[in-house]
Structures are given as structure tokens and as C-alpha cells.
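Form predicted alone, single chain, as C-alpha cells, below.
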């Protein structure tokens, strides 16, 4: 406690220099929060958007479906899987879906594309990005009816609008081509031309009958989590619950959306590298300040050693000065960062004028509004990392002070 008071008095003797050093620590906190919170928000937004595009945060499917998503690779006991998933804490929803490729035609025009067969009574916009972006008409209401929802680009290509007929052709589970006539009930527009020009929503019951599937069979069960970071834990628990069932595999979004997972991993590594470089620059500045303070007090250290203070206590004294700088810098960083974080988490900065509203990465739409999102665990890690860098910056000056030679330094005026 006595050394702590001495370290505090030393800092107060050079208040301007100490304040500047504390501001360096606070600036490091601000930069770390900015880099981390913006990245976390972007990653979370992209992962959730990807999940809403069909496959969920986790997907229970035929073991070979992820590599070759054909309609003959189906999940027979989809309802059993769904009920087991809903019993796990953290699973917000579980949706049974059939996904595959088909040929769509209207009049003399036709084009290939993909489809997602859904149960309209179960689906919600929070788990289905296409239902949340309807621009004309509405979603069909019957699972075994003949309504369909198409993308705006496809509607333009095939000259479709609500009420018009659309014929879709696909291969059933036996490989035979079958066709069905339906009517457009709604049109969606996500902003991604590739998606809007190739995807169709179909009724689950109708597609199941057309494909000659068993009652309750589907391509997959898409699971949606309240927190995507729990995907691995939920996967392990669900796999244990489904151990008695054969012919299925539980996969996280990292496996079903490998391109997106790779993009996030690389971007996160560059983010960490940038933060490390900035942290090292700030730490070097702090070390330089402490080293200057030590060099100015060589005579003082010589007197302390002559009066009986051990070199070890001298080292602890300088480290305590570094500790005080770290604590004050963190406190100042909180006051400096909090208003910026609150603004960015609630309002954000809209970059749609620079990148447009249809910017995508890894096949997933990216929110053009940059915001912040930071968990308390990550905030603690940032605080601990900044404090650790501050303490590391004080090690060399502390060792330098501890090696002071009393006789030589007492000669200094």
C-alpha cells in the first residue's frame, strides 16, 4: 500500500505527462472497441442473414446432402428431429424445409432456379428473409395449395405478377421428372439480383406430394438460435439426443455456409492483427514515457537504495506506476468510448451511398449501415488486453530502475 501511494505521488508530480499517457491508453480502448464492435456486428448480421436464407444456424440433414444437395437425399423423420431440437435451450425455432433445383416456366419463357418449400403456417419473417421482403402480394396460406412466391428479377424475366400461372418441373425421389401448375401469390425483393432472379418459395405439402416423399419427410430441418455463438454447443447436445436415429447429420452454419465462414475467419484475423499493431505502437509510447520518467529519477532511486530500499521494491514501484496509468487510462477510456458506442449501437453510419443496398459477401447480403455490437465478455477481454499491454510496457523501465547503481547515481546533480 505504501509503494502504491508513492507511485501515485510520482505520477502527480508530472500531471501533464501522466494525463497524456493515460489518454494514450484511453485511445487504445476506443480503437479496440471500434474495431471489435463493428466487426462483431457485421459478422453477426451476416451469419443471421445467411441463416434466414434457408439453412438456419444449424441444419439437420441427410449425411451426403451438404456435398450433393439432391432431392433423393432426404430426412425421413424430420418431425421427430424438429421436436428434439425445440427441447434444447437456446433454440428459438426449428423449420422443416425441402430445398432443391427446378425448372420454372411461364408462357413461352422458362429458366432454371432453386426453390425452398415451406409450411406457411410455421414460417415467420424472422427466420425467412424472403417473407420479410415481400413487395407485392402475400405469401400463400396453404401448405398443400398451389401458391408460390417468386423473386422480383424472376418475375420480370418470366413476366409474372400475382395471380399468374407458373409451372415448375423437378425430379422426384426416384429420378422421374414431374411438373405442377401453380399461381403466383407474392413477389419478394432482397436486393441481391442473383437471389431475386433464381429463387422460388413453394408450399411444403405440395412439394412433398409431387416428390412422392414419405409423410413428414424433408430435405432438412433448419434450426435458429438466439445466439449463433452457441451453435457448436447446441450441435453437440442435439447429436446426443438424436443418437438413436440413423441417416442424418447435424451441421453448423460454418459447414453449410463454408464460403461465409472462411471470409469471416480471414477478416477476423486481419482485424486482430491490426489491433495488435496499434496496441504495440501505443505500448511503445507508454514505455517511452515511463523510461523518460525513470531516467529523470536516477538520483532519487540512488538515494532510496542507499537508505536500504531493495532493487526489487524499486521494480515494483515502477510497475505500480504503470498499473496506475493502466487503471486511469481504462477509466478515461470508458468515459471517452461510451458516448461513441451508444451512438453507433443505436444509430450507426449509413454507407449505402458508397456500397449500395445490394452489396453481398460470401453470397450473403451485407447491411450497409455500420453499427456496433459488443458482448460484456468481449468488453472484459478488451479491458484486460489493454491493461496487460500497459503493464508489459512498464517492465523494461522497471528493470532499468532496479539496476540503478547507488554510488554512480548519487554523483548526479
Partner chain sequence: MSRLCFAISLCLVPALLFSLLAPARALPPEEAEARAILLEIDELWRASSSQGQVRMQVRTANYTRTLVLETWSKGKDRSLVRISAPLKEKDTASLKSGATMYTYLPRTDRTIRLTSSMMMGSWMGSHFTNDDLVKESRLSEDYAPAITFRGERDGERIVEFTLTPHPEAAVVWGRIVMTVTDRGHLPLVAFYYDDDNNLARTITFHDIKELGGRRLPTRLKVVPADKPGEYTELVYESLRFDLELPDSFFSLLELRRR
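Just so it is clear, the structure is predicted and the values come from calculations on it, not from any experiment. Numbering follows the first chain given and starts at 1.
Absent from the display: the form predicted in complex with its partner chain. The rest refers to it.
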query: Should the three residues 103, 174 and 179 be counted as contacting its partner chain in the predicted bound form, with contact defined as a heavy atom within 4.5 Å for each?
result: yes
- line: With the partner omitted here, the residue among 313, 146, 153, 229 that in the predicted bound form has a heavy atom within 4.5 Å of its partner chain is 146
- prompt: Quick one: of 189, 167, 138, 242, which gets a non-hydrogen atom within 4.5 angstroms of its partner chain in the predicted bound form?
  reply: 167
Touches its partner chain in the predicted bound form: residue 107 (any heavy atom, 4.5 Å): yes
query: Within a 4.5 Å heavy atom cut-off, is residue 159 in contact with its partner chain in the predicted bound form?
result: yes
task: Quick one: find which of 232 to 240, 107 to 115, 215 to 223, 128 to 136 has residues within 4.5 Å of its partner chain in the predicted bound form by heavy atom distance.
output: 107 to 115
